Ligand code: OVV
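Presented below, as structure tokens, is a lone chain in the form predicted on its own.
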């Protein structure tokens, strides 16, 4: 039996879905890393990997650690989920390969170059509005406002009803955790939100020149069905607003806390790209997700039974001192090569280049006009099953 060959694994009472953990996860990350390469989480009956080496190993082996059973704590092959599985995040090859190929062609370097001018124009306009405007709420008025405009326009979804994009992302990412109060709160208006999202992803409701409409060209070519195309467009909407919003919010917080790093960006705008990668490492918007073992699997001497859920703490891996020098220091001059803020392996975020473009043009526009980002009062941390950022973040941009 499998229990006869298991080495004694580390076990922990840490609850990665508690409010205490959400408010300040980093001490808990250190405890999990120090406990061992693989840790049994007693509260939820799942395994966890929090060290960089093991996180990379799991993400790099989709055959053993699959996504097709869902990337949340629930095994959706056994219990089912609250929505149809994501065509990208929750499929494995060969289906995933075909889906990703379609989306990758749509989000090609040529396509992103075509979007840059529009994104830059909108970034300049937004920065012009906020500079000198006094105190503002940095999440709703700035961090959320930009992707809600430029990304939604790029996909081509209807303008009316776009406010549903935020609760939709809240449903998707809180849905990766347990069925707790955060999940219940996120699902409070699920019927209305889901109905709008489903309608927005249909061909007839998309602008003819947007990224969403390009998906339907593959229907016309006989490659996929109309229903499948709608799921691919939905994948854009699931991952394209919340994560970018939270990355921008985390950037504001980091630069407000570390003014000398903002001065480096202003002195050399070419550092914006490096700065964004350090933000993704230092304050990863995406904190955790799950994989499921397809067979009895061995990780660092511990055998994990088939059909086990494994929590992957990418945020912990991004601060693992076994990988990074001074991991708890925010330093835009460091090499961030290998960070797993966008995941890794075949399921690495397919939209990461458009997210990079959004944040790059926005921070560049900000650096031209803003000498200092000032925190105005204590920010309110967001309590969220999967993502990390702020519920409110009051700031002032000094021209």
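Numbering follows the first chain given and starts at 1. Predicted model, so just to flag it, every value in this text is computed and none were measured.
Just so it is clear, the following notes concern the form predicted in complex with the named molecule, a form of the same protein that is not shown.
Shown without its partner, this chain lists 311, 275, 197, 89 as candidates; in the model of the complex, only 89 has a non-hydrogen atom within 4.5 angstroms of the named molecule. Contact annotation: of the candidates 229, 241, 172, 252, the single residue with a non-hydrogen atom within 4.5 angstroms of the named molecule in the model of the complex is 172.
Taking the partner from elsewhere, residue 245 is found to have every heavy atom lying beyond 4.5 Å of the named molecule in the model of the complex. Though the partner is left out of this view, residue 83 does reach within 4.5 Å of the named molecule in the model of the complex, counting heavy atoms only. Not displayed here, the named molecule is kept clear of residue 154 by more than 4.5 Å at the level of heavy atoms in the model of the complex.
Although the partner is absent here, residue 176 is a contact residue: one of its heavy atoms lies within 4.5 angstroms of the named molecule in the model of the complex. Listed stretches are 206-214, 233-241, 130-138, 263-271; the contact stretch with the named molecule in the model of the complex is 233-241, by a heavy atom cutoff of 4.5 Å.
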